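The chain below stands alone and is given in structure tokens; this is the form predicted alone.
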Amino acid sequence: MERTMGTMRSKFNELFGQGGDLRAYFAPGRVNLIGEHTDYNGGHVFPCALTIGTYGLARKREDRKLRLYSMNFSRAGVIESSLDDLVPSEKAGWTNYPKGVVWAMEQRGLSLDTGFDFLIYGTIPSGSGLSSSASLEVLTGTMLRDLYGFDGLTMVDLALIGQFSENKFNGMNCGIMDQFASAMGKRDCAIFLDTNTLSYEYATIRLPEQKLIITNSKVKHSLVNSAYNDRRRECEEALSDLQKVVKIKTLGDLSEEQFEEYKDAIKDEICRKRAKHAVYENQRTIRAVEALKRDDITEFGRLVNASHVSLRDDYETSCEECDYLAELAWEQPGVVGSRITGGGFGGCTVSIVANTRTDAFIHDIGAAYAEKFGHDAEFYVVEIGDGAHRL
């Protein structure tokens, strides 16, 4: 990390000049162990923050300019904007995310008195579904709170501001999970979060004999332009139909038995499938956390696998490549469970693999995948890290 920060500081000084109160920050990406597409349906999720994420260097300016540079998109150069130009635009590219957070702060009455210079470097593979956008939003919020003295904001506030900016500024109708995990992560723990109430508890992930391996299909998902918003709309339609026959506020309020009792009230067959996933996945997540608490890793893995099947068949957010990766993993010795993770339509799978089998897992699945699809998958043996903070 020291080498990374040294390179970033050199680049910052080259682009923006030396001196001043230069501060460094980090916000992690996340992987969700189970509980997918439940976060906007009033259900539970179980994500953890990773040690990969987005690093930032920032310094206040004396004028109202915003000057932003990403070492990941260096060809774009320094992208200039202003506190008087907080509107999303295609040409602004990645800077729509930090600009959206500044805009969302202003919606809360927290106006910046001056602009800033901001250089970022991300270690999350682009398009992998490990929440690079949420990481950047939470990074920006953490930076703004510290640099401009918005001390009244909690880390939960920063997660909500990040979500609001993505929903309202960038047009992506996401739930709270990604930003919450980036803001509230804790080393060696996953977060059992009730997205309906934002009540949460940390659950220690004890995997002395296993590792978490994320496999990137290299099928790039782009959620804003994908069917993600359609899924949310389909769930809202199902909820509206159910509310005519049962008193609920969210799909997460239903047990599996209640869903089976009332499901015929959902007129559209597709909406019924989407609601089934939301209800069953929520209950799977609750049971999975209970299994982990009693160190029943086998049952946890079984529920992880069932989650993938539901995402494939009922929610239809998987893809051929991720289905193949999950099915290959299920056949491997030493694999406890494997499923697609994140928004879907590409991206990554997460697998729980025995320590003694990690090399074989990567070799065997990598070879079979490359032979079938003609391009390589990428593998990351990940560690669970802390949430966003100043360095």
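Values in this document were obtained by computation on a predicted structure and should not be read as measured data. Counting begins at 1, following the sequence as shown.
The following text describes the form predicted in complex with a small molecule, which does not appear among the structures shown.
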The small molecule: the contacting residue among Cys174, Ile124, Val289, Ile266 in the predicted complex [heavy atom, 4.5 Å]: Cys174
Option touching the small molecule, based on a heavy atom within 4.5 Å in the predicted complex, out of Phe164, Phe116, Trp94, Tyr228: Tyr228
Stretch in contact in the predicted complex with the small molecule, which is absent here, among 39-47, 357-365, 65-73, 321-329 (heavy atoms within 4.5 Å): 39-47
Interface membership of Gly343, the small molecule in the predicted complex, 4.5 Å heavy atom rule: yes
4.5 Å heavy atom contact, Gly35 to the small molecule in the predicted complex: yes
